[in-house]
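One chain comes next, on its own, written out as structure tokens in the form predicted alone.
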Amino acid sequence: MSKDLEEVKAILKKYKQEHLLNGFEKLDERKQKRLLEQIKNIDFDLISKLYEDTKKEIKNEQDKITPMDYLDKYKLKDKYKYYEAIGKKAIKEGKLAVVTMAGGQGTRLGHNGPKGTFDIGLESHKSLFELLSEGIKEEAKKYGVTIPWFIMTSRENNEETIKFFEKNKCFGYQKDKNLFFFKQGELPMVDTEGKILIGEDGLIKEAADGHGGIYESLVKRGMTEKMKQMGIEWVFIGGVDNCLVKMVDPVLMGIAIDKKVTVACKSVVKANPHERVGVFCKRNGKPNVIEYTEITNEMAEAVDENGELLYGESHILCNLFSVDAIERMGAKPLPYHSAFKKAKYIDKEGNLVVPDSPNAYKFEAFLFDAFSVVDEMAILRVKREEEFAPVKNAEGVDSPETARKLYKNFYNL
């Protein structure tokens, strides 16, 4: 270990991050080894750049934002059956896999454990994972296939998630045959001076790299290679917290195949012009999502000749990609965005600091930033009450109560 230690000391000196070894001697051998590994894996040039970027004002004045076309699933008329037939054929041929992004904890919901293990309060007491598994299996049964399920966990919840699945007999799936787990990437958190933080456990304080890290994780962890070996051509990616997500949708697949696009996304119309959601748009002629913080009141309220909002298609994290598109998008990291957060850490004297206001930057990538690598994509508007019941907050909007009501109404429970 002494050789590794000297190597790490040299790296830290170069980047003025020597404080990371302040508590090294107090750690047990296993943690010492882990800390050295963490440090050797950090891209210090990237972290320095990301920190410097937090000081810059983001300017989007040069960007030309224009509306994006979409199809309404329930106004397709004769085309509905046409697209559905194309999608059904591809599903029957085993060309679809589904991915659930499940790296988060249920902390905001008052739940101690991975978010996917959360019980939304149905009489059945089924967890989010079980509700999702039922949805996939029910659809797969119609086509006489098993649809492979890939689950993105995080370092924080990977072990607990796998144990939960094993305890529940993997909900009828077979681990490493048609059920696969892979971890999300992480990046160190830094303070307001650009110093990397040490967490309560004496190790580098890292945070998940956002849902935009999905592409790179799928590629780096060998999941896309596995998909290709299984003959999979299309992958639906959705979040764990939407208990009404429809991951197996032949109409969406049929549209993507027929229109020869490599990305097809679902949207729901905004509840009102000022709903705090990202909406699909074209940015400088390329597909994109504009965040509610970027959109002007004038744009938010603009309507077309039919009275429909020009910027009314909400991005709901329900996206279909070709495997080739995922590999292109995962070939290099997406741009990172910084978020100023409260983070506990160990200071250079070895004391635990519990801040009462934001004190650190975490860096995350957004899944939709990858949309700009394609020239065209398809948007399919679906009904909120049929496909979008997220569980994000303990109460109020997008809470277990609202999700439970939507779920019960949909399934007539």
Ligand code: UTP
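The shown structure was predicted, so the numbers you read here are calculated from the model rather than taken from an experiment. Throughout, rigid core stands for the largest set of C-alpha atoms superposing within 1.5 Å between the two forms. A residue's number is simply how far along the shown sequence it sits, counting from 1.
The same protein has a further form, the form predicted in complex with this ligand, not shown here; the description that follows concerns it.
> Does D53 reach this ligand in the predicted bound form, with heavy atoms at most 4.5 Å apart?
No, D53 sits far enough from this ligand in the predicted bound form that none of its heavy atoms falls within 4.5 Å.
> Examine A102 and determine whether its closest non-hydrogen atom to this ligand in the predicted bound form is within 4.5 angstroms.
Flag for A102 set to yes.
> Taking heavy atoms and a 4.5 Å cut-off, does K392 contact this ligand in the predicted bound form?
Yes, K392 is a contact residue.
> Any chance K266 has a heavy atom within 4.5 Å of this ligand in the predicted bound form?
Residue-level check for K266: no, no contact with this ligand.
> Tell me, out of G239, P287, P148, G330, which residue has a non-hydrogen atom within 4.5 angstroms of this ligand in the predicted bound form.
If I apply the 4.5 Å criterion carefully, the residue I get is G239.
> Select from the listed residues P250, G312, G278, G210 the one whose heavy atoms reach within 4.5 Å of this ligand in the predicted bound form.
Of the candidates P250, G312, G278, G210, G210 is the one lying within 4.5 Å of this ligand in the predicted bound form.
> Only one of these stretches, 139-147, 166-174, 94-102, 321-329, has heavy atoms within 4.5 Å of this ligand in the predicted bound form; which one is it?
Only one stretch passes the 4.5 Å heavy-atom test: 94-102.
> At 4.5 Å by heavy atoms, is each residue in G106, K341 and E364 next to this ligand in the predicted bound form?
Yes.
> Listed by sequence position, which residues of 293-321 have a non-hydrogen atom within 4.5 angstroms of this ligand in the predicted bound form?
The stretch touches the partner through L317 alone.
> By the 2 angstroms cut-off, has the C-alpha of Q105 moved between the shown form and the other one once the rigid core is superposed?
Superposed on the core, Q105 moves its C-alpha 2 Å or more between the shown form and the other one.
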